[in-house]
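Coming up is one lone chain in structure tokens, specifically the form predicted alone.
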């Protein structure tokens, strides 16, 4: 996660004083995509200090913002390098930028180009005119699938440790077969939240990601019950109904940061409302499992 380019002013190709100034974040993947898109262009690349966060997220956090733009324009002595007074920004950076304040503080006009770096050459080539296609932001199945491996890598260590603890605990309390069954149930609930939720996102009912994940977790719990022959004790069944949907809901909730339509306030509200419910469900489920050992 330390994937950072030093902030400052970079040259792409052979820029002149009349070349455009493209503003981006110092998350290296963002920087590389912008530079790749501009491979046949001559431009200045003004990289802001966003602490390794992409443009959209950094705009929400305030690091891709008005004061950072002004700071970088001044520190790079941009006025001495270019004849014009305009900066080209990605549209997704707009929430963090007050264009009129940038203009009043450093004299540079803000232009919003496109959502995607790949559209920059067309934008620059047609007289800096933004087309409707450049403004559109899709979130297709392929685009959602790309994000799943990232979430898997981030969660893999913790999930592996928990899954091994589940395997060991159920094996000691019952048998190795019970441990494998519990291990599979937990791993499946994790998969429902981390993979199935983004795949089925448009078709799952409700607006809350936690609810979408919980629904899939509940369906998975039913599948586990019937595949095992339906012989679970009552307390174990109730525990599974509480814990597995909560696990799926928690990992589905992580996906809010990957979507192009959730707001920061909306995510905070869902976290505030959902996390206590999940914690209560898991805690109650574990308590029921402990009670089942002595009944």
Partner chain sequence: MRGYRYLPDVVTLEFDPDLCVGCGRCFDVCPHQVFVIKENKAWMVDRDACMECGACARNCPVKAITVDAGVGCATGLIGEWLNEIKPRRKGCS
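Numbering follows the first chain given and starts at 1. None of these values were measured; they are calculated from a predicted model.
There is another form of this protein, the form predicted together with the partner chain, and it is not shown here; the text below is about that form.
Exactly one listed residue, out of 148, 163, 94, 81, brings a non-hydrogen atom to within 4.5 Å of the partner chain in the predicted complex: 94. None of the heavy atoms of residue 27 is located within 4.5 Å of the partner chain in the predicted complex. Put simply, residue 202 is close to the partner chain in the predicted complex: some heavy atom of it is within 4.5 Å. When the partner chain is considered in the predicted complex, residue 40 lies well away from it, no heavy atom lying within 4.5 Å. The partner chain in the predicted complex is approached by residue 256, whose closest heavy atom lies within 4.5 angstroms of it. Residues with any non-hydrogen atom within 4.5 angstroms of the partner chain in the predicted complex fall in just one of 215-223, 137-145, 118-126, 180-188: 137-145. Residues from 257-281 that approach the partner chain in the predicted complex with a non-hydrogen atom closer than or equal to 4.5 Å are 257, 260, 261, 262, 263, 264, 265, 266, 267, 268, 269, 270, 271, 272, 275, in the order they occur in the chain.
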